[in-house]
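The chain that follows stands alone, in the form predicted alone, written as C-alpha cells.
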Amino acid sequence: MSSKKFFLMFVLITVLSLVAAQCGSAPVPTAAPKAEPTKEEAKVEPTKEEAKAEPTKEEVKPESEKITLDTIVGTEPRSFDPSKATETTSIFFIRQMFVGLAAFDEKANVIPSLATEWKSSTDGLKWTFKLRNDIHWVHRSTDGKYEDLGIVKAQDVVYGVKRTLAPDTASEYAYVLYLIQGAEEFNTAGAAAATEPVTDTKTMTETVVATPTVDIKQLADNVGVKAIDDTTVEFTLKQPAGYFPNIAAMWVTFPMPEKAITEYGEKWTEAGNIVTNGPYTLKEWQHQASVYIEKNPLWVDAAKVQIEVFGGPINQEASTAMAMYEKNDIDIMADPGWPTPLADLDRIKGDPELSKELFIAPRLCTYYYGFINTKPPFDNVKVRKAFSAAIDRESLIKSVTKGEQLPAHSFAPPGIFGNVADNKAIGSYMIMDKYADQVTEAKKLLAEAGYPDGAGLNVKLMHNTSEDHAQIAQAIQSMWIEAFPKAKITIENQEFAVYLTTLLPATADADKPDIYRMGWCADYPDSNNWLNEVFHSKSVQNYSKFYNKDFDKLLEDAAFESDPTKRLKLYEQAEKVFMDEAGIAPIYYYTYVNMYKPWVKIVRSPVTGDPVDKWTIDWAAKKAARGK
C-alpha cells in the first residue's frame, strides 16, 4: 500500500514543514494559531449545571451495545503516570486520557491543545501559554459513574512540571526539561545530607561536621515555570530554544491532578482512583491481563467521539493477535498492540481480502541494536563497528521484516529535523554496495581488536519477549556466526518491564547483555529528541552508556542554537561522531505494518500515537461480521 514515491513525498512534506517551523523559531515573538473562541474564552463562566454535563444515552447502554474498538495490548503498561511513563504502550494510553499544552497534527506540526496560543519574548527566554477554560478534570468510579472535578488550571500545569522534576518522583524523562531555568538543579538535588566524620590530617582525629542541607523547597521555587493566573502559564528558559513548544507537547509537561496524587500516592493511576482530563478515562486495568479505556462523557467534544470503549487483553504473542484478528475478535493489528507478524506477511500480501486490510507507510522510528559501551569487549570501538558492519540490513528487510523498511546507517530517521539519512558517507561501513565488503571490513576490525574470526568472544544478545524480535535476532545471530565462526553468540529474552530495568545505566554491567534490542520513535520531530535525549551522557535512556564529550558538546550547542541551518550542521556532526564511534548499530527505519478491518476508519498521527477519539467504526458492519 506504500511505495518509494509515497515515502519520498511524505519525507519532503514533513521536512519542509519542520524547516518552516524552525525558520520561525528564532528568539522573536511567535504565536501559535488561535483556536476558535468559545463561550468560556469570551469570559462567560459556565454555570455549575453547564459544566457538569447531563448523563448521555451512551452512559446507560449495556456493555454489549457500547461502540467498542477491540485490540490486543502488546505488553503490560509500565505506568499511566505522565511523570513516569517511558515506553510506547504507556504513552499511547496516556495520550488518550490526558491532554497537555500542545499536541501534534497529522503532518507532525506542533499545534495548540490545552493551550489556545503561545508566544515567546524578544530574547527567546520566556514562553507564555494561554489556556482554554473548558477542559475539566474528571473522575470515573469503578461502577462507571462520572464526576466533574472542575476546570484544568495553569496551576495544574505548574504542579505537573515540578512533579516530573522533583527528585522523589524519579522520572526517567525529567532531563528533557533541563532547558527550563532551575530544572536541572532541582531534579538532581540529593536528599538532605546527613552528618559525616571529617578527619584532621595533622592529628588524625575525626570530627563530626554537619554538611549543608539542600533546600528542596527553594530549588522547586526557582524552577522557571509559574502560573500568572488561572489560564496563563509562563516558562523561563536558560537559553533560547525555538523548539520549546515541542517540549510542551510531551506528556511529562501535562497538567496533573494534585489532589488524587496526594490521596492515593503510587496507586493514583489505578482504575477507580485516576483523575484525567482527556477524551477517555480508565475503565479497567487488570495488571498483566487487560486494559480498557472508556469515552469521557464530560469531555468538551464528547459529541464528536464515536468509539466508546477501546482496549483488550494483554498478550505478548503476535501470532495469537493475528489469529484473533482473522476471527474478527479484534479490529486492528497496530499500536498499542502488535503490528502484523513477520511470519504472516507473505500470506497476507497474497490474500485477495487480507491484502486490502494491510497498511504500510513510513514511520518516525528506528530499530537498533545497542552495545554496552562500558562492558568488554564492546568497550572497544573496533568490536562495535565489526558487529554493526556484519549485519546485512538489505537481506534482513527482504527476507525477514518484509515491511518496506529502509536500511539504517544513522539514528534519526527521514522526517526528523536534523536527520542525515540521505548522507550515505555517515555510517558507510554499514551500507556498502556489497555485503561481502562489509564482512571483509568486519573481519579486519575484529582481528585488529584481538579477536580473529571472533576467537575468544562469548557474546549475549538480548531482546524483549516477542516472536518478531526473536526472528530478527536469530537472523542477525546467523549473520554474525557466519562472519565470526569462532565466536559464541547466544540469545536471551526478558519480559518488557524486567528488560527495561536490566538496561538502565544504573544496573551493573555484569547483569546486562552485551548487545540489546531497542527502538526509538519520535516524541517530537527534532534530532534533539533523538540524539540529545537518548544518548547524551546525562540521559537515563542512554542504555548503551555511550559517553563522549565531543558528542555532548555538539548536542548542547544544537539545543540552544536558534539558526536552523547551524542546528542542522551540528546534528550532522553529532551523527557522524556517534556512528564513527559505533555507539549503536542502527538496523532499519521503521514503517507502519498494520492491519485494519474494513469497518475501521483511522486518523494517523506520526508523532503522538493515533488519536482514538478521532477514529470511527461502521458499527453495523462490525456486528454483522461477528454474526450479531
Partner chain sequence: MTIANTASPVMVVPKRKERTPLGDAIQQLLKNRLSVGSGIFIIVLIMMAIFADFLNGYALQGYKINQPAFAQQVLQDNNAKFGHVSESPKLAGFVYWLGADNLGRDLWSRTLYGTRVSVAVALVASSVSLIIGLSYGLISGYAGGRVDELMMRFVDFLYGLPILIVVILLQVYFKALARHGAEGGLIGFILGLNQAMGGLLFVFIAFGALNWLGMARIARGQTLSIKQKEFVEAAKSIGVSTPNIIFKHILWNVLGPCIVQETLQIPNYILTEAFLSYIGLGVDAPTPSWGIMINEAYQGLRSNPHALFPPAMALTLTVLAFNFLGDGLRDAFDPRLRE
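This one's a predicted model, so the numbers in the text were calculated from it and none came from an experiment. Positions refer to the first chain, counted from 1.
From this point on, the text means the form predicted in complex with the partner chain, which you will not see here.
Engineer: Go through 301, 511, 215, 437 and name the one with a heavy atom inside 4.5 Å of the partner chain in the predicted bound form.
Structural biologist: Flagged contact: 511.
Engineer: Counting any non-hydrogen atom inside 4.5 Å, which residue from 426, 462, 103, 91 sits next to the partner chain in the predicted bound form?
Structural biologist: Contact with the partner chain in the predicted bound form is made by 462 alone.
Engineer: The chain here is shown without the partner chain. Which stretch in 164-172, 75-83, 311-319, 240-248 comes within 4.5 angstroms of it in the predicted bound form, by heavy atom distance?
Structural biologist: Going by heavy atoms within 4.5 Å, the stretch is 311-319.
Engineer: Taking the shortest heavy atom distance, is residue 550 within 4.5 Å of the partner chain in the predicted bound form?
Structural biologist: Taking the distances in the predicted bound form, the answer for residue 550 is no, it never comes within 4.5 Å of the partner chain.
Engineer: Does any heavy atom of residue 119 come within 4.5 Å of a heavy atom of the partner chain in the predicted bound form?
Structural biologist: Contact check for residue 119: no, nothing within 4.5 Å of the partner chain in the predicted bound form.
Engineer: Would you check, heavy atoms only and a 4.5 Å threshold, whether residue 344 touches the partner chain in the predicted bound form?
Structural biologist: Answer yes; at least one heavy atom of residue 344 falls within 4.5 Å of the partner chain in the predicted bound form.
Engineer: With the cut-off set at 4.5 Å between non-hydrogen atoms, does residue 479 touch the partner chain in the predicted bound form?
Structural biologist: Answer yes; at least one heavy atom of residue 479 falls within 4.5 Å of the partner chain in the predicted bound form.
Engineer: Can you work out whether the partner chain is within 4.5 angstroms of a heavy atom in all three of 402, 475 and 491 in the predicted bound form?
Structural biologist: Every residue of the candidate spot has a heavy atom within 4.5 Å of the partner chain in the predicted bound form.
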